[in-house]
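A lone chain, given as structure tokens: the form predicted alone.
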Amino acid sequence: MIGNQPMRLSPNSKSLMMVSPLVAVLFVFLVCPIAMIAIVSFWRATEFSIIPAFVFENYEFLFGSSVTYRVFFNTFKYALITWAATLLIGFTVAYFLAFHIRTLRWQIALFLLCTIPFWTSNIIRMISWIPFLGRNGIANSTLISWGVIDEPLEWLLFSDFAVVLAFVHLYTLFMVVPIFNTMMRIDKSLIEAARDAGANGAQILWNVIIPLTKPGIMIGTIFVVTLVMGDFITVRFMSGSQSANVGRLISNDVALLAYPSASATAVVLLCTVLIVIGILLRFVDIRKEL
């Protein structure tokens, strides 16, 4: 207080005081760990110790190995295929809920029904595919009993197919939610106007609904792509340790206590994800959804 008058803060000072706790939390739990990972990535690791030294040998080894490029190719392959599958499923489910279910009560009920499988652990939902896809699993037994195949299909389990299937199962909801949220905001009078103008269903979908749904599609894309690129446990279990992605590479280095090498790989992965997100944000302004 100044004299008998209370001290008045400027609007900028009030805003700064309001965001300061959040900034402090983000600095301690986000900025500091990332900075530490970046610092450790320049350290040298020997067989018995880690030496704090500013060297580039971890990055030189990383970019000089053909394994790195194969692993990054696998990572992008899983992310791209999973994105396409989740987009197709997520858009279809969201479209059905938003435009074919008339009452809000049923929309909410069916949407909650879609979330029921996600109430359990990701690992449990992922491992549940193993007895289904196995050589003597339900899928092979059913196909043999129907006469579709004569012998079990080996590629159903411990393959790229199993990895992608598990990814789609785990992360489809992250595509459904933002797309459904965006579709619910579309003014139905726009669709009626397009129909009155003579547009058919496909034209309405392509020229009205999809353009207005782009922010939700982009948010879902960012969620799915970043989650798939950072996941390693799904690749390990569903491929039977026969395939690897960048997350698996980092996990292996951590298991071997090669923290500088793991940090260098993590920094490259983080930069790659940020570049991908930056490219995606160039196409759509998602601030409309935030």
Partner chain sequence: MTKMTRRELLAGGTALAAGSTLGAPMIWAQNIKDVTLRQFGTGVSNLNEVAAKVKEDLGFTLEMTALDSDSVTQRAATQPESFDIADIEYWICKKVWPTGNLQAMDTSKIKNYDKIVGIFRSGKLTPESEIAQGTAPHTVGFVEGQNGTEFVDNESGWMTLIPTIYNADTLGIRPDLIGRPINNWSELLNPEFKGKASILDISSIGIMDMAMVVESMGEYKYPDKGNMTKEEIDMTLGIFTEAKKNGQFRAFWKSFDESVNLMASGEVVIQSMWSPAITAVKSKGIPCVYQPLEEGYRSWGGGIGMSAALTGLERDAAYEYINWYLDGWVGGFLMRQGYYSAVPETSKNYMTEDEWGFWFEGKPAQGDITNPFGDVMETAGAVRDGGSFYDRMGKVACWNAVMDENQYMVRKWNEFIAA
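Numbering follows the first chain given and starts at 1. Because the structure is a prediction, the values reported are computed rather than measured.
The same protein has a further form, the form predicted in complex with its partner chain, not shown here; the description that follows concerns it.
Would you check, heavy atoms only and a 4.5 Å threshold, whether Ser243 touches its partner chain in the predicted bound form?
Although its partner chain is absent here, Ser243 would touch it in the predicted bound form, with heavy atoms inside 4.5 Å.
Although the partner isn't part of this model, could you tell me whether Ile37 comes within 4.5 Å of its partner chain in the predicted bound form, counting any heavy atom of the residue?
Flag for Ile37 set to no.
Should Phe111 be counted as a contact of its partner chain in the predicted bound form, where contact means heavy atoms within 4.5 Å?
So Phe111 does not count as contacting its partner chain.
Would you please decide whether Phe56 lies within 4.5 angstroms of its partner chain in the predicted bound form, comparing each non-hydrogen atom pair?
Judged by the heavy-atom cut-off of 4.5 Å, Phe56 is well away from its partner chain in the predicted bound form.
Per-stretch contact check against its partner chain in the predicted bound form, the hit in 153-161, 206-214, 95-103, 82-90 (non-hydrogen atom, 4.5 angstroms):
Of the options, only 153-161 has residues within 4.5 Å of the partner.
Does any residue in 116-151 get within 4.5 Å of its partner chain in the predicted bound form, counting heavy atoms only, and if so which ones?
Residues within 4.5 Å: Gly134, Arg135, Asn136.
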